[in-house]
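Let's start with one chain on its own, the form predicted on its own, as structure tokens.
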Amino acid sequence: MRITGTFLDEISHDIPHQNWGPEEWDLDFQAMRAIGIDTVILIRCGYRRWMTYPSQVLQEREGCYPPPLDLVDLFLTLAEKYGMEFWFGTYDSGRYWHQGQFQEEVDINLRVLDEVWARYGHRPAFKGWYLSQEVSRRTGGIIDIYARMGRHCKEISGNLPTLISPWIQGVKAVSAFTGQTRQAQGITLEEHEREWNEIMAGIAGAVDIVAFQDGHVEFDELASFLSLNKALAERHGLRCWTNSESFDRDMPIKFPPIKWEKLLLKLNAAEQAGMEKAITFEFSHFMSPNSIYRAAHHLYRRYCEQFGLEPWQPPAQ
């Protein structure tokens, strides 16, 4: 099972920024393409008051800060240059849906989606949508959020596919802002099946693909959860990918690149479960030879060795 897609984490709240511009991003797209990545997914177009493109909607409605560079345009340009698909990630208010104001979260996103499609929908690399509100359980309102936003994405874009990437409420589902790495107890397979059966039933037709994050459960539990996720998706007519996290959740430091042995174990489990595609969160920080983390450079080389790939080298200066 090879990684053929990655999120682009440009609007984050718990990972250091790399301060890349067009030249650095171009080099990283080259490194992605060299190992077979054909899909890039913007993790979110905005988070709270930060955004990736100069959205009039978000500036007027949320007081967002205008960015110095239109990253959506840049990512589309690079995706077109290197023969990749670009999937657009929606806006995460960081507050409305956490406070139970689900209608507010949907309303602002519907306006953003219309703006984005009018601005970038003609671009040939624009191939899908990512609904960035991530959950692990049947949180109040999430079915309606996914269903309404997913339907709108498909209606305005001629039925382009929609993707979600929830997590599993396992023992590693803890806050990123403490040194804690475990909680006392995680969700059972039975509880997970019951809640996600209801969620998938409610979003079928609005969401096409589910790619659960694979880092929140113990390694010896992962194969069972992946197999269950695939069975649930098939039951409701959804496609099933895996989001094979390339950072390590077992360390009190949040977050270093993952140990290669762990990533390989997770990819093997995904292959055994019959996952259609493996994407990762996230190449540029945790797997890239251009990353600020030296360990990511070595992870890239180990990955290339495993699959008989020629490691990408930066052009000579």
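The structure displayed is predicted, hence computed values, not measured ones. Don't overthink the numbering: it's just position in the shown sequence, from 1.
The discussion below concerns the form predicted in complex with another copy of the chain, not included here.
- When contacts are judged by a 4.5 Å heavy atom cut-off, residue 188 does not count as touching another copy of the chain in the model of the complex.
- Mapping the unseen interface onto this chain, residue 15 counts among the residues with a heavy atom inside 4.5 Å of another copy of the chain in the model of the complex.
- Among heavy atoms of residue 271, none comes within 4.5 Å of another copy of the chain in the model of the complex.
- Another copy of the chain in the model of the complex comes within 4.5 Å of no heavy atom belonging to residue 284.
- Contact with another copy of the chain, judged by heavy atoms within 4.5 Å in the model of the complex, is confined among 160 to 168, 99 to 107, 224 to 232, 243 to 251 to 243 to 251.
- For the marked spot (77, 114 and 122), a heavy atom within 4.5 Å of another copy of the chain in the model of the complex is absent from each of the three residues.
- The single contact residue among 258, 42, 267, 37, judged by any heavy atom lying within 4.5 Å of another copy of the chain in the model of the complex, is 258.
- Residues in 88 to 109 all lack a heavy atom within 4.5 Å of another copy of the chain in the model of the complex.
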